[in-house]
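One chain follows as structure tokens, the form predicted alone.
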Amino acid sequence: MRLLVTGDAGDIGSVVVARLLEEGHHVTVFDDLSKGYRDTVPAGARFEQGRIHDTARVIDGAGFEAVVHLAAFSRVGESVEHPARYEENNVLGTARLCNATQTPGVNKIIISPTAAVYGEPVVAIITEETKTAPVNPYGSSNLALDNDLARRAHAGECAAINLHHFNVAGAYGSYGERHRQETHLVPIALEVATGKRASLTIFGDDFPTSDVTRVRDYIHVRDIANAHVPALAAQEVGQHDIVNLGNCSRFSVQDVPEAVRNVTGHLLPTKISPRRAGAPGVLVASNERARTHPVWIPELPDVTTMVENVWRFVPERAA
């Protein structure tokens, strides 16, 4: 298929594109490089630089059959500080992208937001039927995307699938996490292990969990990318679906530094700070629907494997 992937120049996007290329698809990447790097675009993909609002200029006449949209802003703390920025990029920008796809042949859209739409669920395991109640502007913008995409699909404009991924970690070959401002737990912990930071800050020790820290469902970035391959064939025009991507596993914030200690041999000192605004206590996914539609099974569920992959991803970390 001829595919447009928005937002490739980041950790998830680069792995998704690498896997799509391996499957024989023809991929054009569209990214503004505001949060990513040009050299993370896999060889074999065509690259165009620009804002998500301007995708019409690369879609018109290009013969794309589907769009994989990964260009949403995705930092909870930033969304709390700058909610209008998330509305403008994630909601309005995505609407313009979807409007631009209304040309012959562009009839499938895959969006990969996070589980932030569920907020602070009262259930132990989150299914696609769990009530959506976002607790931060990032989650609210994701929910707006879900609703808009569903409306467009039901109106017969496209086939659409929302792949809600939970906490992503790991690396795939030469592709992994590179952020100008690092906010993800695993790479921050590895920066402590290599001496780039003095200690790892754990935000909040007053959650209603077994070790009073946040609980998350970590999923390997390669497993996230793998789900996009069958998703391209899962829907027909007029259909919309939401699919959770997770391991159905509970990893506390304390489990990650323990895995880093095991992998690196570093003591990894930690310190406690107040919980961050908008951060729910527990997010764990059911993946029953994903196992049948779009037929996907996570292959790398162990958090230690995720840490090992990231540790190998940047050689100087292990020097």
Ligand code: UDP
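Bear in mind the structure is a predicted one, so any value in this text is a computation, not a measurement. Just count from 1 along the sequence shown to find any residue number.
Separately, the form predicted in complex with the named molecule exists; it is not shown, and the next lines address it.
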- Can we say R51, V58 and T101 each have a non-hydrogen atom within 4.5 Å of the named molecule in the model of the complex? no
- Query: Which residue, V284, A290, A259, V253, has a heavy atom that falls within 4.5 Å of the named molecule in the model of the complex?
  - Reply: V253
- Name the single residue among R85, H184, R96, H240 that comes within 4.5 Å of the named molecule in the model of the complex, judging by heavy atoms. H184
- Note on the structure: Here the chain appears without its partner; judged in the model of the complex, the stretch of 153-161, 101-109, 229-237, 194-202 with heavy atoms within 4.5 Å of the named molecule is 194-202
- Item | Proximity of H220 to the named molecule in the model of the complex, heavy atoms at 4.5 Å | no
- Is there a heavy atom of A144 no more than 4.5 Å from a heavy atom of the named molecule in the model of the complex? no
- Message: Please tell me whether any heavy atom belonging to I188 falls inside 4.5 Å of a heavy atom of the named molecule, as the geometry stands in the model of the complex.
- Response: yes
- Query: According to a 4.5 angstroms non-hydrogen atom cut-off, is N90 in contact with the named molecule in the model of the complex?
  - Reply: no
- Task: Could you run down 152-173 and flag each residue that has a heavy atom within 4.5 Å of the named molecule in the model of the complex?
- Result: N167
